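This document opens with one chain alone, in structure tokens, the form predicted alone.
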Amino acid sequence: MQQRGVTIWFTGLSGAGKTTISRLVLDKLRSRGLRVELLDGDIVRQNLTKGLGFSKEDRDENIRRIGFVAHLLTRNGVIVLVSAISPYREIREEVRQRIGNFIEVYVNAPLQVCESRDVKGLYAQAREGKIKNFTGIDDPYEPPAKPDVECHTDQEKVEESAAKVIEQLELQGYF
């Protein structure tokens, strides 16, 4: 039986828990013997989108590039986990339409919770004006209107959030 490819797109504020959940989902899927790849926003910015800034245009280009790679992998039967803030609804929808097999996961946590989890001190730097166009501070985050999965990471454990994602994959017949 050949595996069906799908992109699972984790979106939310910095510090919401996107990477934490996606890594646990990655482990669970690999333990089932499935082919899966993780495209983490921070790692992608160091490689594929190095040199792009944080203007709306650059953020959109960043998401398009991530979406392009995710699409290539998805159409070749890989489960792709994308963990990226991806703050704008319109570009997320554009990527969803291009990929087709797409599950949007809104990793939802209040701004105050995200700031309290910020080990790099990015929110503090943004509030001091040292970082411009920081999502949630001086640049907007547009939550998904109808995400396929919503994880409230201030109210549930990471295992519960990961289980929601796995359940959605099962419901949509990906395994």
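In this text the structure is predicted, and so the values were computed from the model without any measurement. The first residue of the sequence shown is number 1, and the count goes up from there.
What comes next is about the form predicted in complex with a small molecule, which is not displayed.
Undergrad: Does the small molecule, in the predicted complex, lie within 4.5 angstroms of each residue among Arg4, Leu72 and Gln172, using heavy atoms as the measure?
TA: No: no residue has a heavy atom within 4.5 Å of the partner.
Undergrad: How about Leu13 - does it come within 4.5 Å of the small molecule in the predicted complex, if we only consider non-hydrogen atoms?
TA: Because a heavy atom of Leu13 falls inside 4.5 Å of the small molecule in the predicted complex, the answer is yes.
Undergrad: Can you check whether Ala163 is within 4.5 Å of the small molecule in the predicted complex, heavy atom basis?
TA: Looking in the predicted complex, residue contacts with the small molecule do not include Ala163, since no heavy atom lies within 4.5 Å.
Undergrad: Flag Glu156 as yes or no: does it have a non-hydrogen atom within 4.5 angstroms of any non-hydrogen atom of the small molecule in the predicted complex?
TA: Yes.
Undergrad: Whether Lys56 contacts the small molecule in the predicted complex should be assessed with a 4.5 Å heavy atom distance threshold; does it?
TA: Answer no; every heavy atom of Lys56 is more than 4.5 Å from the small molecule in the predicted complex.
Undergrad: The chain here is shown without the small molecule. Which stretch in 45 to 53, 116 to 124, 139 to 147, 60 to 68 comes within 4.5 angstroms of it in the predicted complex, by heavy atom distance?
TA: Result for this chain: 116 to 124.
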